Structures are given as structure tokens and as C-alpha cells.
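Read the single chain below, which is given as C-alpha cells and is the form predicted on its own.
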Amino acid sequence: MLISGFSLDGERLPSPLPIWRATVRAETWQVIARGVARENGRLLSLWASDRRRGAAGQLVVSAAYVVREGLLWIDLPLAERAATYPDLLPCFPAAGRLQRAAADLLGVVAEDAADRRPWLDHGAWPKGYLPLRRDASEKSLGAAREVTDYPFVRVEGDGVHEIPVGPVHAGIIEPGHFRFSVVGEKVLRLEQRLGYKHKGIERRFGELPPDEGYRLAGRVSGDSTVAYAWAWCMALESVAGCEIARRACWLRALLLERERVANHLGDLGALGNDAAFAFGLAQFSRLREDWLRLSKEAFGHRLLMDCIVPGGVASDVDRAVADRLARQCDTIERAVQVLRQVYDEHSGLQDRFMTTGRVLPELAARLGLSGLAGRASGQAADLRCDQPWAPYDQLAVNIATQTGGDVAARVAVRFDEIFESLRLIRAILSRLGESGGAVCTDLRLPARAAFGAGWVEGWRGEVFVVLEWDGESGAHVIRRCHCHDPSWQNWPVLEHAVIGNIVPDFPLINKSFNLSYAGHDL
């Protein structure tokens, strides 16, 4: 593969998507990062692994880049005594928090990084405890450190004051701390403190039988259970070198698009409610409830959990159920068309939506804004279009984009994506009638070390899962699993979107992004 004139030797993983993996040295690590940035590529994820076994193996830091040809997974082995690596922040602003999380979990540190504050470690872990190290269990019973205040950046000046919000919020919203620096009601700066939902999921993956990991993956972020389960299963199937049946591909896409529609319906109602338009909440909630109830009848779960399994899907749909799903698409489409006209013509809503929480395309590109929020700011990236895997390679997905970058643009993208997903669902259902056969294939995991990756366009953005498989010496275990949520890229951009707005508009701006806490705080 060529990166800005630099030739990189690597292996292509057995995957329905073009994914390459290569091991490099420190100087090459920087060359690749600069080359990807020059060619307008993106940093998808950064993580670290402990590949030590006895006297063999090393600590490794890894980065995944989205380039024109597909996805590039780069491994950099680190020295045992000085587990440091070149900082990626100068090339990719999204790297900052990812690097801080890797330092908390494995003790690998970016050289010359300006911000070394802990991110996932809130001071409750024992001293020296690094949860993803091989020897972590030996240190997990040590005395917890004394919790200290997080050193937020202070903004000083005449009339400047701080408003702390969270981490505990009203209702059932997940925990996150937001520190506003304001003058009057105008926001000068927002700084976030997340990590309160950290649950040790990545370590737990290594304790489960490989054929059960999909269930945990589907619970990483409950509103994206299909996307995570598919990405997990794609990674395991990549390890096994397994191709799933054609009908299973169509059924997986059906589930993914139903998940997308369900979330957009919920968000459009919530956005209306945050702008004091309770009618919108009532109507979209009704539509979403009808959608979820039919999902329960057709697939056994309202949110479609455990429907995607290694090798395919858990169950099939017959002709009668397919007809009901198609008819519901027609009903929902008519109702959403009417509601879009109501939203577009409601002066009160548009006054709250337009120019609020704006992220212009230039800033979005510089900060790496991705997924739905990125498409609302002129970043025309959608994996279903850019690197269509089966069955999307036969569906010709139309990408939904806006350039306004405000709440109104993010609302418009949601409407457009609902209509496109309804079209896709009808097309998928028609193809199901033409394709028969099995819906699940047996996996044979190799008796050797192997690597796998899964990459899926969820409703929020790209979900990415990597697996390191240890099949040697009869071990047959997952040595490392890393799951990446698109919220990692987008939480920092929310801090910029709020600047210059008034404090009462923050809930509306926050909801228009609707980022995941649970998917971020693994």
C-alpha cells in the first residue's frame, strides 16, 4: 500500500472490507501519520495491547486509519522499560483522549504529549494498577488512591464564572461532567470529564468463550447493539477466514437499517421536546414505539439484541413477516413526511435549530468530526457508500449530507437518513424473497495466532472492533479485544460547537449530537 509515496508492506485481513495490517518502527509510525493526514485520511482509533507471554512478546500501540483504499491497522512494538511512542496529536486532534485512555489502561505514553491528565482512571484504582496488563490481577487488590480533583482548565477575566453540570444528572441520563465557563449566559468554554461508565468490558472479552463475545459486544452501547454485534462477528469471522451465507448478509443489513430508523425517530422527537415542542416528542415516540414492537414480534427483541451471531444471524423471517415489515415502512414514511413539513415550517423550532451549535465544514475536517454529525458539517463519509461490503455493494446507498453544521443540519440529516433507510429496507426485503438457504455458518477458529477486524457504519457513525486471537498451545482464547465508538471523535467537537451559544441551548446541542457515554467509557 502507498501512503503519500511511502510503500508499506502489510497483510490484508480476510474480511469483506479492505483492511490491511502492518508492523512498523517508531520513525515509520510518524511518517505514516503525516502521510495519512496529507492525503485527508482519518484516524479511526488508537489503542494498546499487552502481547507479552513469558519472556516473549511486547507492549504494542496500534492505530487504525481510514484511507482511500480502505482501513490501515498499524502496530508499533514498544520498548519494555520505556513504553513510549510518538505523539499523534499534531496530526490528529482526536488522538488526545485516545492516547490518555491507553496510558490509563496499559501505561503506554505518548512522547511530549502536552496533556497527560488521566482520562478513564478517576483515582479509584490502586496505585500502579493498569487493568489491561497481563499482571493486572496481581495489583487489583491494592489500596485505592485518594481521589483528587480533576484539574479543569480555568478561564479568567471580568465577569467570567463557572457552571458545573453533572456527573449525576436529572432523570436517567448517563453520567458525564460538563464544566462551563460563561459570561452572563454566553459560553466561553466547555470542558468535559467522562469515563464514569468505565466497566472493564475490554478485559471481560478475554474471559469469555469466543463464541459468546457477540453478546457482550451487543451491550457495549445498547442503542447500537446491531452495529457492535455485527462488527464483533465480522472480526471473529475474519480470524476464522469464514464467509457468511448470502441470506445472512441481507438479514444483517435489514437489522442494521431498522436500528438506524429507530434511533433517528427517537432523536427527532427528543430534539422537538428540547425546543419546547412536545407535539413532536409525542408523535415520534408513537412511531418509534410501533417500530420497536414489530421488531420484537419479528426478531424477538425490541432493540434487536442477540440477533446477529458468529457466522450469520439467530433467526430468519418468513414471507408473511417480511410483508408486514414492508408495509410498516410505507406507514412510517407517510407519517415522517408530514412531520418533516411540520418541523420545517414551525418558526419556533427553526429559530431554536438554525445557527445553534454550529460546526462549519473546515473545523469539522480539522477536528475529525465523523458519522452523522460529520455528514451534517459537510464531511461526506459513510462506510456503506465509501467501502460498501455485502450486501451494501448491491444497494447503491445515497449519502445524506448538509453543510450548515448546526442543529438544523443534524435534524435534516436524520430525516434524510430515515427515508433512505426505509428505501433500503424495502429493497432488502425484496431480495430476501429471491435468496434462500442457510442463515448461519459454522466457524472454525485457527490453531494459531491470528488477527481480525470488523468495521460497520452504525447509526451514529463507524463502529470498529479488533480481535487478537491466541490459538496456540491449546489456549484458544481472545487475547485482546478493542471496541471503538464514533463518540470518541465527536465528544471533543461538541466542546467547540457550544462556544458562543447560550447555556440554555446546551441540552439541544448535546441532543443533536447524541453521543454515547457507555460506548466511550468501556
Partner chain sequence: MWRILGQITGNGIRSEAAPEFSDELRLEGERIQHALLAILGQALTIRQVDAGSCNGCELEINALNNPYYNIEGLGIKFVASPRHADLLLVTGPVARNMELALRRTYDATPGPKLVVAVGDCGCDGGLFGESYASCGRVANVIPVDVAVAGCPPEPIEILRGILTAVRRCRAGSA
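Positions refer to the first chain, counted from 1. If you're wondering where the values come from, they're calculated on a predicted model, not measured in any experiment.
Only in words, not in the display: the form predicted in complex with the partner chain, which the text now covers.
Enquirer: Using a 4.5 Å heavy atom cut-off, state whether His198 contacts the partner chain in the predicted complex.
Expert: Result yes; His198 sits at the interface with the partner chain in the predicted complex.
Enquirer: At 4.5 Å between heavy atoms, is Ser421 in contact with the partner chain in the predicted complex?
Expert: Ser421 lies outside the contact set for the partner chain.
Enquirer: In the predicted complex, is there a heavy atom of the partner chain that lies within 4.5 Å of any heavy atom of Ala124, even though the partner is absent here?
Expert: Result yes; Ala124 sits at the interface with the partner chain in the predicted complex.
Enquirer: If we define contact as a non-hydrogen atom of the residue within 4.5 angstroms of the partner, is Phe279 a contact of the partner chain in the predicted complex?
Expert: It does: once the partner chain is placed as it appears in the predicted complex, Phe279 has a heavy atom within 4.5 Å of it.
Enquirer: All three of Arg42, Gln58 and Val108 touching the partner chain in the predicted complex at 4.5 Å, heavy atom to heavy atom?
Expert: Negative, none of the three is within 4.5 Å.
Enquirer: By the heavy atom within 4.5 Å rule, which residue out of Leu188, Val342, Ile163, Ala314 makes contact with the partner chain in the predicted complex?
Expert: Exactly one residue meets the criterion: Val342.
Enquirer: Select from the listed residues Ile399, Ala113, Ala365, Met305 the one whose heavy atoms reach within 4.5 Å of the partner chain in the predicted complex.
Expert: If I apply the 4.5 Å criterion carefully, the residue I get is Met305.
Enquirer: Name the stretch, out of 247 to 255, 152 to 160, 447 to 455, 202 to 210, where some heavy atom lies within 4.5 Å of the partner chain in the predicted complex.
Expert: Going through the listed ranges, the match is 202 to 210.
Enquirer: Determine the residues of 154 to 175 with a heavy atom within 4.5 Å of the partner chain in the predicted complex and present them in sequence order; the list may be empty.
Expert: Contacts from 154 to 175: Pro167, Val168, His169, Ala170, Gly171, Ile172, Ile173, Glu174, Pro175.
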